[in-house]
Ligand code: NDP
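The chain below stands alone and is given as structure tokens, in the form predicted alone.
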């Protein structure tokens, strides 16, 4: 039986992971759960799964949880400290990192240095410092597996290869994207409201990643993640709009063969595989019926219309600290958009403003973690200034 710690247990990934645990009670034991601020749902999970540990990120929510947590459950400190402690628990065999954004950076490093089996649904750390993270994985003999459906699909396609030098056998990676709610929309997107951007046509996800899907920034972040995860040249990664979300990604090998991973759009499948690898179990997901699907469409994305995708590839080409700046500025921009402070079309303007500030130089060498943290903090402050108009002019609505 694998003992599992779930960081982000009240989010969409965490809930799906707990559904997998319910489907296989003989395989998994939940030893720890962590939430941002949803104390009510976390408490229900504590009663349902009886973990030894719980954590609440938000300080006010942590105070509320402190008075109602059942006996026998240790409530870890609030903030990143509690998540980091949970990520390295001796009682956990598997750590599912499903927190949102760069908050997952420190817990991921803690899991790696504790030599854990890590199921990573939090792509931002791999964007910020993916090459350095993979070196740490090798150094500490940890196991790092992707949970997002697209990197998981690529991982599954490459499983049977004899070599781990993937760049020597891969011609192209087809990274698929649903396109979000606006890929068919004509005209300006300036009037898009947060509630419209949050209506994803295929997936039910958290607000930040849903907005990233609407801007296609999510595909740019995934391209950087995949580049780092599998040590691939960026030029081999090709983004394709695939509205049906059946082909989760595909790999073209040097002999022209194309391997694809397909299933209905349900995160329980890649989550379960990351938890059970290298084994496969029956999954609580509806089987794929190709006769019902009947049609699979693929289109090239419009890099001019979806500027965030172009900015992500530009940052990846420059390398060094640029991906960390890209990620931090995007998190700030999305947060401001969801708060109604800037329009949808200003998200790429905020990101571009941070990237073009000129503080960071392209570098052929992977940055260390302290450099990444410094760049992240600087980019957040710069993006906030751009979005708030305190420097460089106010963004027009």
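Residue numbers count along the first chain shown, from 1. Every value quoted in this text rests on a predicted model; they were computed, and no experiment measured them.
In what follows, reference is made to the form predicted together with the ligand, a form of this protein that is not presented.
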{"item": "Interface membership of residue 176, the ligand in the predicted bound form, 4.5 Å heavy atom rule", "value": "no"}
{"item": "In the predicted bound form, residue 301 touching the ligand (heavy atom, 4.5 Å)", "value": "no"}
{"item": "is_contact(residue 84, the ligand) in the predicted bound form, heavy atom dist at most 4.5 Å", "value": "no"}
{"item": "is_contact(residue 53, the ligand) in the predicted bound form, heavy atom dist at most 4.5 Å", "value": "no"}
{"item": "Stretch in contact, per heavy atom within 4.5 angstroms of the ligand in the predicted bound form, of 368 to 376, 65 to 73, 338 to 346, 33 to 41", "value": "33 to 41"}
{"item": "215, 249, 272, 122 - the one with a heavy atom within 4.5 Å of the ligand in the predicted bound form", "value": "122"}
{"item": "Sole residue of 360, 49, 57, 28 within 4.5 Å of the ligand in the predicted bound form, by heavy atom", "value": "57"}
{"item": "Contacts with the ligand in the predicted bound form - residues in 96 to 123 whose heavy atoms fall within 4.5 Å", "value": "98, 99, 100, 101, 103, 121, 122, 123"}
